[in-house]
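Below you'll find only one chain, the form predicted on its own, shown as structure tokens.
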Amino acid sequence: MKALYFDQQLLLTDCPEPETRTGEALIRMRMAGICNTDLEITHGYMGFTGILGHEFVGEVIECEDARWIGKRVVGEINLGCGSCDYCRRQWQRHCPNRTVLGIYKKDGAFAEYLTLPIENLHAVPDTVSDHEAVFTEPLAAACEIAEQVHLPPGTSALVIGDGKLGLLIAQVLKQYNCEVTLLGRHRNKLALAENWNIRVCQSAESLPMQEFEVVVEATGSPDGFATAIDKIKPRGKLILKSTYAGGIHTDLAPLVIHEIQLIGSRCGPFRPALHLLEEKRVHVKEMIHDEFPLREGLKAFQAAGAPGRLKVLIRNE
């Protein structure tokens, strides 16, 4: 099968079709999205070697449970051992023996076929298109914030970063009636948020210091972290969504002085994300910048890495 394989460099190559293990499904990828994490991996993040890709929608073609065959599915990306304390609590993302689809020791979705445990799968509602369903994983990551932080109506919230995840986070916070401001650099992206009735700002200097009860850092840049510390109120909650391929060096004293809660936030619940997509309560199609067939996957990565781009999709023809 054709696949985008990373081993020091990204290659479009022929790989063996994956074999299913007990309890797994064989899935034909229909559409997959390139995420900033994929781009970071190609710069050394996680030291991953294998087939990239973790945002996808596909069709089950082989499965022990015949009820899944033919269904369109999305899949949670963390594969736990199933027996540790974290797995028993349904926290597979923290299993010390986990693998992660397309990120850590598990071949991913930028291929004709992939495998996942049946327990990781979620059926896609008929009213949700492939172009919408492919956003389930990053939208779930946005929904995770509400699982971690209490968001009373009227909470002042700043989202730093107008990329794909930042736009999703701003929309999710809006669902909780937060007073949301999106800080970004790209006029075209901020215009999308304005169309969704989200307040936007293009200059951090124009925002007051220590103004926001909740700040979400989603830039992928160390500069975003420094801005977050400047803008958060004492005893506020700083949600860190960024991962940095080169690490980060910063002064942590303000976190102590102002008693700021720093909360790491990663993957999230798929069911609320699918519900938001089914109810058409978030906008995702407007975030699609381009679409390429799998055979042009290298060109897709070039497009996704260009400044100012939003979501680039790969389809399996």
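Keep in mind it's a predicted model, so treat the numbers as computed, not measured. Residues carry their position along the shown sequence, with the first being 1.
There is also a form predicted together with a further copy of the same chain; it is not shown, and the following applies to it.
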- Contact flag, D107 vs a further copy of the same chain in the predicted bound form, heavy atom cut 4.5 Å: no
- Query: Wondering, does K233 line up within 4.5 Å of a further copy of the same chain in the predicted bound form on heavy atoms?
  - Reply: yes
- Task: Tell me, yes or no, whether E179 is in contact with a further copy of the same chain in the predicted bound form, where a contact means a heavy atom of each within 4.5 Å.
- Result: no
- Task: Although a further copy of the same chain is absent from this view, report whether E76 comes within 4.5 Å of it in the predicted bound form, heavy atoms only.
- Result: no
- Would you say all of V256, I263 and C267 touch a further copy of the same chain in the predicted bound form, counting a heavy atom within 4.5 Å as a touch? yes
- Query: Pick from 180-188, 94-102, 196-204, 119-127: which stretch has non-hydrogen atoms within 4.5 Å of a further copy of the same chain in the predicted bound form?
  - Reply: 94-102
